[in-house]
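Below sits a lone chain in structure tokens, taken as the form predicted alone.
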């Protein structure tokens, strides 16, 4: 019996790029187990597996062959990547060192059904793939200017580049992986921290919109950034802030809100003399999932309730283009409800600058392509894990499609905004 071989995967690739996996040298119709494994920056293990049957030529090509069982079924060329699961319960796969080290993914082939992971059984073939979170020539600059704290990622070349601010939510700190990947696609991206980082407040007690205005002006003042406006990509609480930027700041002209609020939630929002009071969460409505994780999606009030009217962001005043990305299985907030409320408000004022992409069975944490679904995870400083939701295969499809739509949105509306500006001159 000739030894099996894993063919075609490149030695290294950017993590938003697909990998073509093909196993050759198998006996015809042999049933095999394919396994993927990696360790994150802290040494925690993630693994996945799927069972395949070779064809009459003794080959398994993941672009054509269906998985018969394991962590997924059907034809999914990147299933081994997006089905990775943590060995440690409620652990989210996050890349922290985005420039200097990749994730090293080991692909193994076993000549039988291996339903349990074991160090005793040796694979018949193995290959290691490097998955990088930036591209050649991408530069990272630490930002500590005025009050602004973050990291600016610049593509190679002289520019000018389309400028984008990247905002995350309840995770706090500085999250860089999405910014570095967008920089590899030609955008200049400021990954912006706004609490629980360096000398910023440890807890988010209020949202001071002037901080984000300062960040936008800082980005626009950079000699490699194309003016006159910037984009914002955002998630969760960050999406609420991004939408507020669209409503009150002229610098923000193209806004992507991923599973976010369209009203001020939890803490007040301030901008100069304006104070927007928040909708307070009703914690008695929290639900406990069978896993022990907490679902908060029913804790946040309906923005269409008249009692919450003072907290709803006036999206009809926004001069920017708005793209709402929604996972229908979001277990953290009712993101589809919020996006629909914003669109209703736009239509009632005769405005048409918003668009919604709804992804059935996708969860809350919609990341760049091929990232594994994080169904539930712990959040620093809180005793119980949060439930995020999502079906693995549907969530993976949503991430892949949304990634392309986000880039098209920014390229269309940031360049279009620049053209209108120069026409007026």
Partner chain sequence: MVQLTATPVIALVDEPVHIRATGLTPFQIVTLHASLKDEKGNMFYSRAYYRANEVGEVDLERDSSLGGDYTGVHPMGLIWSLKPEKLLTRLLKTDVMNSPFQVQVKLHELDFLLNNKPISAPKASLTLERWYVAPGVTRIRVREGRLRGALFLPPGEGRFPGVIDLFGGIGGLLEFRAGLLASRGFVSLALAYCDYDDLPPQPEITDLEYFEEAANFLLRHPKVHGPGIGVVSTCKGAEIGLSMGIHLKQITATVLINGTPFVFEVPQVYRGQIYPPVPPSIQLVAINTLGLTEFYRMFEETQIIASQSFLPIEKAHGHFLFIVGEADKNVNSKRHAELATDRLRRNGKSNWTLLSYPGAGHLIEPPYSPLCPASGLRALSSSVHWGGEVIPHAAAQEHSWKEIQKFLRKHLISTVTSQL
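No experiment lies behind these values; they were computed from the predicted model shown. Residue numbers count along the first chain shown, from 1.
Although it is not shown, the form predicted together with the partner chain is what the next lines describe.
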Identify, from the list 370, 46, 51, 359, the residue with a heavy atom within 4.5 Å of the partner chain in the model of the complex.
51
Contact with the partner chain in the model of the complex, heavy atom within 4.5 Å, among 227, 250, 289, 96 goes to 289
Residue 219: heavy atom within 4.5 Å of the partner chain in the model of the complex?
no
Residue 39: heavy atom within 4.5 Å of the partner chain in the model of the complex?
no
Does residue 388 reach the partner chain in the model of the complex if we count a contact as any heavy atom within 4.5 Å?
no
Distance check, residue 204 to the partner chain in the model of the complex, heavy atom within 4.5 Å:
no
Interface stretch in the model of the complex with the partner chain - options 289 to 297, 160 to 168, 348 to 356, 146 to 154, non-hydrogen atom within 4.5 Å
289 to 297
Using a 4.5 Å cut-off on heavy atoms, which residues of 57 to 77 contact the partner chain in the model of the complex?
68, 69, 70, 71, 73
